[in-house]
Structures are given as C-alpha cells and as structure tokens.
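Listed next as structure tokens is one chain, alone, in the form predicted on its own.
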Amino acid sequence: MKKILFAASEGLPFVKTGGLADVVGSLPQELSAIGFDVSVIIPLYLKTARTQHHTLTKIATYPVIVGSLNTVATLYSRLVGDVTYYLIEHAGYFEREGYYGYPDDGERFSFLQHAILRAIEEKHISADVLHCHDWHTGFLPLLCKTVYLHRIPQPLTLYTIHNLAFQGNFPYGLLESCIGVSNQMYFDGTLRFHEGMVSFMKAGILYADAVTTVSETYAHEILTSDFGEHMEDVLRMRKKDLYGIVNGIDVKSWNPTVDTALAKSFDTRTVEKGKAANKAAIQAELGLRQDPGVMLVAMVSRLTPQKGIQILMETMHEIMGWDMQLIILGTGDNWTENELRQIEYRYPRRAVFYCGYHEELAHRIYAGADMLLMPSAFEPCGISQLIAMHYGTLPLVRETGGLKDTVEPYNEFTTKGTGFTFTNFNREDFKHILKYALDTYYRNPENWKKLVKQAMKKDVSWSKSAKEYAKLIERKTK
C-alpha cells in the first residue's frame, strides 16, 4: 500500500482561508477509500492551537538546522476519518493572529518545508509520494533532490498549482539563509523570477516529478500569456508532465439530504418543496421580501477582481431593475465592501450584503437561492459552482478554467445543461446571460425544474478525480 503525504499550508478540519483547505480536507479521505495510506502535514497555527490543541497527540520535538535556521519543531498528530493529520508547532513562526502576509513568510514556510523533511528523516513520518500544494511547499521537490537526497528515501513528488497568481516570490538571499542551497541557483537563472527574486512556485514546477492543476482547462490556459502570470515559459518546459485534474467537494459535509443547517432537507425527488422552504427561510433570515415566486440570486465568494465582483457592481443599478432578489456573502477590500453596504439602502428588502463568511449561512444560501453568480476573470477550478449544483442552485459562470469544465451550458432546444455560461469577460455579456436565465426562470419553468434536477444529479464528488490521481501515481512510479 503506497503511502501518500499531503504537504500544505492549510487544510480542513483545522484551518481554512480558501479552496486549498477544502481540497486538503477532502481528497486524502477519498484516496484512502481507494486503497492508499494517506496522511497530511500542515502548520499548527495559533487559532487551531487555541481550540484544538487538547485533541492532538504529541509525537516528537526535533531540531531543524539549515542555513541561518537553528531551531526546533514539535510534531503532533490526530486521526480524522481514515487520514492521519500531522501538525508542526513553532510558536515564533505560526502562533500569530493571521496566517499569511507577514514580512518573514519566506522564512516561515522555508522552516515548514525543512520541518516536514526532517520529520521524514527522523522516521516520524514516511512517504512514498509527497504531494505538495501551492507556493508554500514549492521547495520540497527541490530539497528532496538536493539537501535531503541521501538523507531520506526519495519519494515521488507531485506539485499541485491551486492558483498561479500566488507564487511565493522572495529575495534570492533566502536560498542560502533559509533553503540551504547556493545563491548560484538565482544567478544562473534556475530559480530567478523577477529581478532580485526567487519563486517558491517556480521551484515546485521545475523539480516535481509531475505537476498538476485543478482543472483541465486551467492546465491549458496557464501555458498562455493571458493566464500564465509570467510563469508560462516555465510551465511550457514541463508541459509533458503537466496534468489537469478537476477538484470535487466533500459530499458528506455538503449534502442537502442531511444538512442540519437547512430549514428543510431535500433530494431530487423533493427538491421543489425543499427549495421553496429554504428560500422562504433565507428571505426571512436576511430581511428580504417574502416572495416564493421571485428569482433569488446569490454570490458566495471572495469579492475580488478575480471573482468578477466589478462586473456585478458595474451592472448593479440595471439588473436590480429586473424582477429578482440578490444576496452577496463575502469579503473584499474596503472600497468594495463600503459600496456593497449601500445596496440594502438602495434596494430595500430586495438586496442584502453580508460582510464576512458564515459557514452555516452559506449552506442556507446555497439551499435557498435559485442561481449562483460566478462571473470570474479566471478560475483555476472553483468549488462554489459544484456546491450550488449539488443543492439545486443553477450556477451562472464565465467559461474559464474549472467553471468551463464543470458547468454544462443550458441548451433550450435539447433542455440539456446544468447552468448558464458566457464567454467574454465584460458586463454586456454578463447582463445578456443573466437576462436569459431570468427569462428561462419565469417563462419556461418546466425547463428550469429539469435543469435543477440535472444539476443535482451531476457527480461533483472526489471519486473520479481521486482515481485520476491514482492513475497518475501508478504511471509515475512504474
């Protein structure tokens, strides 16, 4: 039985700031179910320590000495389902109010990677496959093949890009002071990325045995200058080892038939009554006008340019003149949040903005809304559209990345589809498809009901994708 070790900066059920945590919380369980021995290793952050330290078992404290790093790491563990989670404790690096965005992030996550490999060297953990995620663990494949070449059994290294926009770029002096390799790897261009900088992500792409990203379309998009974030030339060098495997969701946590957060559970047979009850409940909870027939549109997202919030804001006055209600749940910069706070005053009982993230409220919004908006400029995979379909809420998405791969556009002639899509990233195309969806909802309700059931029947679990990872591992270890 092959042992797979996931290495990441976050993962459920311990810490989440984005979709990476969902993947690290779900995919290992699915791989375990198909026969792998899977474990996960992440930092032990302050917020986790405050609430869950008493649930952890201490494994060992061991030295981490490399370059200017001369400290210790303490390793804890906890079994979650069939997967062992390891957490690395270091008060100086990880016991802070936030998770990322500190001036010493390069040093912090260099330490994390050495602490992971030292745990393997000390035989506290073993791994046949080391699955590294995003820039925070990008140097692990390089370190395996250099600093730890003769110190640990060499694992197969997989490197997954969740979002190419976040690359982990730091001054090149970090190579000798924190990574433990020569600065020559900057001067000869190997790891150089922008003047005076090296990239954790570039290291992962260059040195991993295989590179994956979270949808097939995104794997093709990032080879172009439009989506490559200046990394496209590096990615083209690894094109033959680059694979797109779409994400799934945890269908145990996201399951409308047993979801205790909902006003009424439902499945494909009871979806009409279930959606109606949940719409009424969310309208009442958020102060919207009680109207069972109105089309309720939602956006559950980080409110950033990537997510297309500007397209929605640019068209707000026009689309709120249509017969619809709008819920927005999320956070963005101060200007965006302040602008969105005005919508409740401009459109009383027809629009609401909940600033922040509330997990149970998100469940209720997915269950009660008729449509979910994801007009993303780019989207490596996206999880919200998968949840929405599973809850009978039709996604309206731009055809990019994983959104294109997972949402089948409605065809009024064949009645096939699981949502609504548009191609060009502009407000006119967005308004056009939203108006088309609105017309379908009101003028062709039987087709709408059929789309809802088709969306709910779509397999959005990790099952198929886990098998794709299994095939890749087998192919690379032959």
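Start at 1 with the first residue shown and count on from there. Everything numeric in this text was worked out from a predicted model, so none of it was measured.
As for the form predicted together with a small molecule, it is not shown, yet the points below apply to it.
Here the marked residues 356, 362 and 387 all reach the small molecule in the predicted bound form, each with a heavy atom within 4.5 angstroms.
For the candidate set 71, 310, 306, 146, a heavy atom within 4.5 Å of the small molecule in the predicted bound form is found for exactly one residue, namely 306.
Checking 15, 456, 20, 466 for any heavy atom within 4.5 Å of the small molecule in the predicted bound form turns up a single hit: 20. The shortest heavy atom separation between residue 366 and the small molecule in the predicted bound form is within 4.5 Å. The closest non-hydrogen atom of residue 382 lies within 4.5 Å of the small molecule in the predicted bound form. In the predicted bound form, none of the heavy atoms of residue 295 sits within 4.5 Å of a heavy atom of the small molecule. Put simply, residue 301 is close to the small molecule in the predicted bound form: some heavy atom of it is within 4.5 Å. Note that among 178-186, 373-381, 273-281, 151-159, the stretch whose heavy atoms approach the small molecule to within 4.5 Å in the predicted bound form is 373-381.
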